[in-house]
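What follows is one chain in structure tokens, specifically the form predicted on its own.
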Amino acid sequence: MTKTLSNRYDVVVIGGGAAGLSGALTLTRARRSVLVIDAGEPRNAPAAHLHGFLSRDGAAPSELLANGRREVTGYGGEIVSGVVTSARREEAGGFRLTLADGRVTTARRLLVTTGLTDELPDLPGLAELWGTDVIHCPYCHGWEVRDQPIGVLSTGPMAIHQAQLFRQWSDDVVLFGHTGPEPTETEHRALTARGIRFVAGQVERLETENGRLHAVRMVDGSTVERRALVVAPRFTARVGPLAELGLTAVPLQLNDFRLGSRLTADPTGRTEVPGVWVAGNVTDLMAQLIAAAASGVTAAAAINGDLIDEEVATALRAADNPFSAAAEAALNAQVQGDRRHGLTVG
């Protein structure tokens, strides 16, 4: 059964991952009316466990989200499954959101936590192992592949840094040149000094045994046995219809190499679009789960403060015009009463 939405919320959170749920929890505890719209496509869905999240290390990502949903709804927040297809500013202020199933609602403020898409290197066998034997973050997966034969696929300037990082977890690390830049003489010396082998030439495909990575096959037919392969995806912010509001992802470059794209914001998550905040990987491409959650809290506090500023200004205007204030108070009381009785306002 499709949940009927209220006509207006203080805040609509677009994205129900760690950043979005943390922001929603903070706002519901601040007694704000909050709706979370979740497309159900968490970035870490391929991973069996999450790591580096204090008190939740080793938990399943789905468990973290389920607990977060219970906490948000426990304080009166609403969470619905859906995809936002249109986001527009209203003339009277706030935003009008349309979902793919036709539902419509409005919000005084938006918190965008839509995350990013990992665009993987195009190699046969790679995508199927993403999140298990094909990884990218040493702090998320390094412990799980410790002391195993690890490969690093070079597709850009970060590969040598990745190889040196993963050397912390294994003394058997191979850097595959593939399509990345040739290491300089200084970089070659640094790799050799730490026992990291460099294999020139392009990779053809990954080979598996019983569903697990077994070897990396080169285009010349040779193979190198590996149990884990480190890659550098292109991190692309999920913006979609939010571009209607003027939210445009900007490229993140390392010299001439494009690492990905992100939405820009100030330290609180406030964007250049008035009334819109962002948090999590949609703005911080490198944020781990616990950092994404923390950014949601920071943005939520800033949003609540911004709403209070607006309410103070409204109260001051009302003090100068009591007749207008009485009409506005009556309307607000009606709206809140309808919400309490589960009615759709509008």
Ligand SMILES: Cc1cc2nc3c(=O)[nH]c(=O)nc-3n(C[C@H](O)[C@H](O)[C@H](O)COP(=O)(O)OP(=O)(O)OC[C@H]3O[C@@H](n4cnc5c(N)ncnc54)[C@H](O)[C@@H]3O)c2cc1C
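Since this is a predicted model, take the numbers as computed values, not measurements. Don't overthink the numbering: it's just position in the shown sequence, from 1.
Omitted here: the form predicted together with the named molecule. The next part is about that form.
Trainee: Decide whether residue 105 counts as a contact residue for the named molecule in the model of the complex under a heavy atom distance cut-off of 4.5 Å.
Mentor: Although the named molecule is absent here, residue 105 would stay clear of it in the model of the complex, with no heavy atoms inside 4.5 Å.
Trainee: Report whether the minimum heavy atom distance between residue 49 and the named molecule in the model of the complex is within 4.5 Å.
Mentor: So residue 49 counts as contacting the named molecule.
Trainee: Even though the named molecule is not shown here, does residue 154 get within 4.5 Å of it in the model of the complex, heavy atoms only?
Mentor: Contact with the named molecule, no.
Trainee: Would you please decide whether residue 14 lies within 4.5 angstroms of the named molecule in the model of the complex, comparing each non-hydrogen atom pair?
Mentor: Yes, residue 14 is a contact residue.
Trainee: Would you say all of 27, 76 and 275 touch the named molecule in the model of the complex, counting a heavy atom within 4.5 Å as a touch?
Mentor: Not a single listed residue reaches the named molecule in the model of the complex, so no.
Trainee: Tell me which stretch of 236 to 244, 184 to 192, 154 to 162, 220 to 228 has a heavy atom within 4.5 angstroms of the named molecule in the model of the complex.
Mentor: Heavy-atom contact with the partner occurs in 236 to 244.
Trainee: Under a 4.5 angstroms heavy atom criterion, identify the one residue in 131, 94, 125, 149 near the named molecule in the model of the complex.
Mentor: Contact residue from the list: 131.
Trainee: Between 318, 39, 307, 297, only one gets a heavy atom within 4.5 angstroms of the named molecule in the model of the complex; which residue is that?
Mentor: After the contact test, the surviving option is 39.
Trainee: In sequence order, which positions of 79 to 118 have a non-hydrogen atom within 4.5 Å of the named molecule in the model of the complex?
Mentor: Result: 82, 83, 84, 113, 114, 115, 118.
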